[in-house]
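Here we start with a single chain on its own, the form predicted on its own, put down as structure tokens.
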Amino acid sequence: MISHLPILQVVLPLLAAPACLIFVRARSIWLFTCLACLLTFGISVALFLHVSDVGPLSYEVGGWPAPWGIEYTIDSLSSYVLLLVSAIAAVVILAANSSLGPELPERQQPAFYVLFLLCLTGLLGIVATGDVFNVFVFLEVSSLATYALIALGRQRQALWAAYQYLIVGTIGASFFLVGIGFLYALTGTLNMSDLSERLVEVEQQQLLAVAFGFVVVGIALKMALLPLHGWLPNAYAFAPSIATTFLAASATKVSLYLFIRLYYGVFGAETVDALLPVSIVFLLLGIIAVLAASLVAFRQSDVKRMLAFSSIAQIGYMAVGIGVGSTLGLQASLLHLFNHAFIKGALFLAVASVVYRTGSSQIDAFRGLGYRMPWTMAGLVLASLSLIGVPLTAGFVSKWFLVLAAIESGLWVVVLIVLVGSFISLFYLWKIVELAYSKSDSEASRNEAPPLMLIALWVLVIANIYFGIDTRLTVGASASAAATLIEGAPW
């Protein structure tokens, strides 16, 4: 049975998406979606444990051997990201039934669950597949579902945000597809393992550089790396709150995974860096993103937009880790990829709870909520501490490894940037906390978020604390993946 898990990881949510329409009531569809996400998470746990104990697992679709057929390959890196994405989906979907009530008419809620599962399918497929054209297919599946999820927002601006992302996403996918075309012309194969071997022998180095350029621009648009981030703030601000939570915690992380996979595992970092200054570009763009996006976040009056710009800054930290160019730097990026998913998931879920009770994500709506919604605000405070990087939180662990990587490489400016970025995040998050615990509303009656929203929120908050104390899973898995990628293609 274990040999079939790689394909089941993708097929299960794919089949569950249309199966949702069998049910009539929105609550029944939600329960079915919860079951599908829980089973998907169970499969990812089994894959993670198998890869940790035995080694990489491969599945040949239709019985066709690679490189002629499509191959699914699960190794230390992909099992690590599959575990993250499926865990986020399983936790976030718990809160969906309550969160969607005020934001989406009941007749539209079945469409949400179908689109949610399709988006999950696309993200899992990108991580599991070992074929670059199959990556493009799953990239489009997740993107099309995402456009529709954003358009379901209750404000009219959601349609513009979805359209804006559709245009940008289509451009990004086109760049990625052109890059794949160049790769196929150069090597005659689309299988990642086969590509990693044949690219070494390619004599047309300029065409190889062009191919990588197209691929990296396409991925950078999807991961919202500054200055290609313009679609993200509106998408996060106007999508349904529960959709924003899932996308913020998973979509950009999968795009970063894809870049790491292709940069290190297929093209080869040394080969690419000899042609293009990728490390330097990522280091500079990451530094600019940390500072610029954090400063813009400080000026926002809508908390969703504030956290959206914060996400752009956090993507900057991950880019800096790659730009450092060492094994420890890559490990720091992989750690922050994992930890930030739980941080931002908790923060956006806290905002979703506030939207549920107040109908607004404006910062003024948080006034006095520390007394009216004490458990929600306590969760937001703890998640904020993790985002800042306070010790004993997950955010501290990944930033600490980034600092260590910078010191190891003699990049003291990166250490300064990490500290400055953390201080700026302290200031814009403090604005929310200060309003939430305003004494003028200390006697207001309590009106907490629904139980399932609180449970989902606190699962993510506890994960932030747990992975800040017990780092065996995250540090061990990221170290294994980073070492394998740096030493050579893990195929």
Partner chain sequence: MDFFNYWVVIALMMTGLYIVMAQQNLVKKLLGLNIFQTAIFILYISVAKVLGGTAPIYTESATLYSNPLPHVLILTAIVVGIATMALALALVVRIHGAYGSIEDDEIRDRSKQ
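Residue numbers count along the first chain shown, from 1. Keep in mind the model is a prediction, meaning the values are calculated, not measured.
As for the form predicted in complex with its partner chain, it is not shown, yet the points below apply to it.
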{"item": "Any non-hydrogen atom of Trp412 within 4.5 angstroms of its partner chain in the model of the complex", "value": "no"}
{"item": "Partner proximity in the model of the complex: Ala162 to its partner chain, non-hydrogen atom cutoff 4.5 Å", "value": "yes"}
{"item": "Non-hydrogen atom contact Ala269 with its partner chain in the model of the complex at 4.5 angstroms", "value": "no"}
{"item": "Partner proximity in the model of the complex: Ala365 to its partner chain, non-hydrogen atom cutoff 4.5 Å", "value": "no"}
{"item": "Candidate spot Phe133, Ser174 and Gly181, all three touching its partner chain in the model of the complex (heavy atom, 4.5 Å)", "value": "yes"}
{"item": "Partner-proximal stretch of 283 to 291, 183 to 191, 346 to 354, 311 to 319 relative to its partner chain in the model of the complex, 4.5 angstroms, heavy atom", "value": "183 to 191"}
{"item": "Selected contact from Ile407, Val137, Ala274, Val420, since only one has a non-hydrogen atom within 4.5 angstroms of its partner chain in the model of the complex", "value": "Val137"}
{"item": "Proximity to its partner chain in the model of the complex, single hit among Leu392, Leu416, Val200, Ile167 (heavy atom within 4.5 Å)", "value": "Ile167"}
